[in-house]
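Have a look below at one chain only, the form predicted alone, in structure tokens format.
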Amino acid sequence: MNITLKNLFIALLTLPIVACSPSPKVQSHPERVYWADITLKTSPEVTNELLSHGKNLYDNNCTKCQGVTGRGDGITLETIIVPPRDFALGQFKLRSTDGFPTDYDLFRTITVGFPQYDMPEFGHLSQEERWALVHYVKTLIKSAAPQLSQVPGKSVKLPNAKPYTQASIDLGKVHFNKMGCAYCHGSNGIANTAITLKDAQGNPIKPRNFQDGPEYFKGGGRPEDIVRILMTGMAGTPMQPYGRIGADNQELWDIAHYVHSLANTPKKETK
């Protein structure tokens, strides 16, 4: 058999393998601790001692960015990607509700942080220490905005999961463009840097470039994490909630699968 025929024979043998490849699989990142998966014990009783402990922890770990009163006016560094949150706004990006977050939501955020955005994780602190921070932060919110209700919003329930298939990904791309997601994020997940966006504090922000990878997704890069963010939005940013898409919200899973596929594409598009 000459070289040409041999190469043709090998190519023909590999065709069935390509044709029978399984549908895209959900890539996992076992090294990452996911916000939604944080397990925790019930909050300890809120006492003056607990709040005092929380203040000490906050002063030693958080004031550099968040400021002494939680207004996000600590030391400003040009290298900070996302400006610190002003607690007086009562707006928190990661939550399991359609409004003010639960104490558990705040606990999870303190635990995992936003490492890619200059907020470190505090999983090394004990659960009691993290709870102390949660309750002290809530006192800062009350001091800065006494009129703001801290009653948690309605719990958001994710729709029944939909199989992760190429068909779902393809549908997701259609919904992604139809709903205007591409206006900010680009049809291929590459952020549209030509538009000007600002957060609730007036700071300029950029749309998420999905092709940077799932590690840049604050709430987690799994499809279920993306669905939750689609349902709650990201308070304080132009990312609005999409609480009802279609009869049973299955379209949200399609969009999540498409976004997930963009974030996990080995070959990154640069144009």
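Residue positions are given as counts along the sequence shown, with the first one as 1. Bear in mind that the values here come from a model prediction, so they are computed numbers and not experimental data.
A second form of this protein, the form predicted together with heme C, is not displayed here; the remarks below concern that form.
Among the candidates A161, A167, I81, M179, the residue which, in the model of the complex, approaches heme C to within 4.5 Å (heavy atoms): Filtering the options by heavy-atom distance leaves M179.
Listed range touching heme C, judged in the model of the complex by heavy atoms within 4.5 Å, from 64 to 72, 37 to 45, 227 to 235, 51 to 59: Looking at the other structure, the answer is 227 to 235.
Partner proximity in the model of the complex: V156 to heme C, non-hydrogen atom cutoff 4.5 Å: Judged by the heavy-atom cut-off of 4.5 Å, V156 is well away from heme C in the model of the complex.
Heme C contact at A200 in the model of the complex, heavy atom, 4.5 Å: Residue-level check for A200: no, no contact with heme C.
K93: touches heme C in the model of the complex, heavy atom cutoff 4.5 angstroms: Yes, contact at 4.5 Å.
Heme C contact in the model of the complex: C184, any heavy atom under 4.5 Å: Contact check for C184: yes, within 4.5 Å of heme C in the model of the complex.
Partner contacts for 191 to 230, taking heme C in the model of the complex and a 4.5 Å heavy atom cut-off: Sequence-ordered list: L197, I205, K206, P207, R208, F210, F217, K218, G219, G220, I226, I229, L230.
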